[in-house]
Ligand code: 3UK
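Starting off, we have a lone chain in the form predicted alone, written out as structure tokens.
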Amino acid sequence: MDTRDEDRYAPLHPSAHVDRFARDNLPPRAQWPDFIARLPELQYKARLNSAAELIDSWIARGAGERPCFITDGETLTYAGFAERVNRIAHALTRDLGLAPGNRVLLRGTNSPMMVAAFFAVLKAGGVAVATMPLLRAKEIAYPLNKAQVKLALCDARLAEEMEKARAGAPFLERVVYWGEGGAGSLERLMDGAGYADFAACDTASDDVCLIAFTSGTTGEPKGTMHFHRDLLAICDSYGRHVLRAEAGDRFIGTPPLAFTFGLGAIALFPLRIGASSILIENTTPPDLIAAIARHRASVCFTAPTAYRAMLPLLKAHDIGSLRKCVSAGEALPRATFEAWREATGLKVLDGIGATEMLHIFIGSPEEDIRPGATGRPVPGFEARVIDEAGNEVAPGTMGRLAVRGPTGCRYLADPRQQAYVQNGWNLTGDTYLKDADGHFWFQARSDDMIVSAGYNIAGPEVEAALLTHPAVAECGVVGAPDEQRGQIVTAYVVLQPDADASAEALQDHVKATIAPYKYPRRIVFVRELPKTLTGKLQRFALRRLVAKD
């Protein structure tokens, strides 16, 4: 490794934070991953405010009248969005006492106010802690306490659970709501005289600006800490080299802003190139496809299940404006990729990302896609497949995925940092193999490998085979304890509406699709599968279920 590119031990730039909680709770420097930034576009100046870079720079370039955020009710230009951000930033600093480094909890749907509040916190030098809109009080209290949040900005429609959360959040001093119009509302505070302009806080490029909490699919959520420069780095790596969108594009997506996949999809990527973003609050597949047609969206971000669910809806909607489709959150089954390409002519860009890494770090552009593979490392990142001792394995051999690049894991005061980062590499918890051409092929989450009668069977591979059967809408595959085999492959299957298929028929289909020893020896038909708020299948919930059976 070229140590000139490593900043694991390099001194941080002088912080603009008066409240040093975030910087003081970064992991010990010896536990940081190696941060590499060998591409010229990933070299950032010492003083950097990401909100100013992503928004104000377009005003300075004379692009203020470009459409920025679009909803069914309004269209905000870059100048209009900048003013809204500035007004909220003034309300935060003058009326609500925000000091640089203070954490602010944000709760809302994907709306212009939610996005504006996010960037206002950053512009004022604060640290944004965004949360999923469907969280309950106990789940809201956790990040409030972990990040010692004193102030929250919240959509008034989400007030009930927000108010319940206060009882279990001793650090929280004030909640300000938008959307209600009352005397103490955010809208009233934004109306201050002289609030249209706001000078961005002189933050360091390595000041923390975001604490994003993981979805908790493997246990208690972890707070991941990201710098101002990190928000630009994912735009200048994945956005620039893989997505390759243009200023005339209109982005749309279903992941919430609090999910870092959504943060990139609906905010960072379009803002970095001066494009537009269509914000939708109802994010079911029917809502998504209708909004694509209605607003002529050209770049779509959503999960594999949504692409599959939109297939039967294509005849009723003109989505000819689409030119790029991105999938992440779960591995993209080849059957879904092929069905979408056949129906639309578009190749779905698969990718793997992590909250710890902020966004996608493996994924290929259209001309380098190999159906079924996740792709190659995004320019600016390095990836390898390693064994339990940390040694890189030969091509074609399954092992643990290790990655490093311009972003990486920094947990908020969490001993799990030592498990995620080892020898300078981020270990994502995924089992992969790399082929001789450098494409990475997802096998399973490392805890989703099923060992049955001595065979290693990847649950997602069996899921992909099941999904090629026309009667299967969704499925989840886990290992069930078995005295003779150790484990047996067990599939939980949701059938398509009005479809009918026997367990035996699905088993025969899998045997004919992949190696017969991988077929699910037990199939359970269910109405729905357990999922996180971001749409990820909760296989741990299936493992708990199968243990009870």
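These numbers were taken from a predicted model, which means no experiment stands behind them. All residue numbers are counted from 1 along the displayed sequence.
Not on display, but discussed next: the form predicted in complex with the ligand.
Participant: Determine which one of 153-161, 88-96, 258-266, 178-186 lies within 4.5 Å of the ligand in the model of the complex, judging by heavy atom distances; exactly one does.
Facilitator: Result of the contact check: 258-266.
Participant: Although the ligand is absent from this view, report whether S321 comes within 4.5 Å of it in the model of the complex, heavy atoms only.
Facilitator: Answer no; every heavy atom of S321 is more than 4.5 Å from the ligand in the model of the complex.
Participant: Would F227 count as touching the ligand in the model of the complex under a 4.5 Å heavy atom rule?
Facilitator: Result no; F227 lies far from the ligand in the model of the complex.
Participant: Since only the chain is shown here, I'm wondering whether T344 would be in contact with the ligand in the model of the complex (any heavy atom pair within 4.5 Å).
Facilitator: Flag for T344 set to no.
Participant: If we define contact as a non-hydrogen atom of the residue within 4.5 angstroms of the partner, is L358 a contact of the ligand in the model of the complex?
Facilitator: Yes, contact at 4.5 Å.
Participant: Out of E338, E330, E382, D414, which one falls within 4.5 Å of the ligand in the model of the complex, going by heavy atoms?
Facilitator: Looking at the other structure, the residue within range turns out to be E330.
Participant: With the ligand left out of view, choose which of E461, D430, D206, D236 has a non-hydrogen atom within 4.5 angstroms of it in the model of the complex.
Facilitator: Of the listed residues, the single hit is D430.
Participant: Taking the ligand as it sits in the model of the complex, which residues of 349-377 have a non-hydrogen atom within 4.5 Å of it? Please list them.
Facilitator: D350, G351, I352, G353, A354, T355, E356, L358, H359, I360, T374, in sequence order.
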